[in-house]
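Quick heads-up: it's one chain on its own, the form predicted on its own, in structure tokens.
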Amino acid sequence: MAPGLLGRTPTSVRVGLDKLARPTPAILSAGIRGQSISELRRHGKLLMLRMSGGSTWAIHLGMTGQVILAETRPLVKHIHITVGFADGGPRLYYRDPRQFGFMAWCADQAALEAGPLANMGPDALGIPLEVFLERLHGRSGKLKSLLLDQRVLAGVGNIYADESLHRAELHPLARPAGLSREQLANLHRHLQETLAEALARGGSTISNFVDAHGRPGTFQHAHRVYQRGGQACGVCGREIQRIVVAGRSTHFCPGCQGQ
């Protein structure tokens, strides 16, 4: 997103679904209009656009949110917010089929931390090993559930939890309290490697995900277990199993990830 947004100034905000604009559509629009975008940052699935006046324009992707930069409105459903810019260039279209995401204007850092960043754990890509160990070591919850809990660790979704656990040879129902420091350190390494590889390949396009320029990802071609239930594991040949953990479809290999 950065090359297409840095230095640009929003001049119009059209909101089609009020609940996705926080605190209100009017405040969001007034807050970002007339200020240029000076910096882009990310924490988990939260995108943070620092504005020239010191405020932050936050965009949370939820489960299915997408930010698309395009000259004309994309021919897809569920575009709920459109932002135009002073230079007349590509607009920003916010699409969210399941409506779990949002856009928010935060006047300062305190508002950002009390709002969009509240209850979010450390970012999965940047968390140091020792902090990762502190947050998981000794916990009695199921490992997959903890990885998906954004309060524990921000930025791990269902696909990447499954893929990281397979690479680390850990069962999704394992309890961190029963794992060694070495096993958790191995998970930390594989989690960050999996996320970095997925980012380099543009993410996973299972149904309709595209990047900011409308391009699908290719990491789905490297999936080892996700949505491969009933197929043979490419590492050991055992049949990949499917269970439900924390309400989410979960895939694992009983050979590579035996408890």
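So that there is no doubt, residue numbering starts at 1 and follows the sequence shown. Quick caveat, the model's predicted, so the values are computed rather than measured.
One more form of this protein exists, namely the form predicted in complex with the DNA; it is left out here, but the text below deals with it.
J.: Which is the contacting stretch out of 195-203, 230-238, 55-63, 26-34, given heavy atoms within 4.5 Å of the DNA in the predicted complex?
T.: Checking each option against the 4.5 Å cut-off leaves 55-63.
J.: Which listed residue (189, 135, 91, 78) meets the criterion of a heavy atom within 4.5 Å of the DNA in the predicted complex?
T.: Only one option qualifies, and that one is 78.
J.: Indicate whether the DNA has at least one heavy atom within 4.5 Å of a heavy atom of residue 181 in the predicted complex.
T.: Residue-level check for residue 181: no, no contact with the DNA.
J.: Taking the shortest heavy atom distance, is residue 249 within 4.5 Å of the DNA in the predicted complex?
T.: Close contact exists here: in the predicted complex, residue 249 approaches the DNA to within 4.5 Å, heavy atoms only.
J.: Answer yes if any heavy atom of residue 82 is within 4.5 Å of a heavy atom of the DNA in the predicted complex; otherwise answer no.
T.: No, no contact at 4.5 Å.
J.: Quick one: does residue 141 come within 4.5 Å of the DNA in the predicted complex, counting heavy atoms only?
T.: Contact with the DNA, yes.
J.: For the spot marked by 10, 74 and 215, is every residue within 4.5 Å of the DNA in the predicted complex through some heavy atom?
T.: Contact check failed for every one of 10, 74 and 215.
J.: So which residues in 95-110, when you check the DNA in the predicted complex, have a heavy atom no farther than 4.5 Å from it?
T.: The stretch 95-110, when checked against the DNA in the predicted complex, contributes 97, 98, 99, 100 at the 4.5 Å heavy-atom cut-off.
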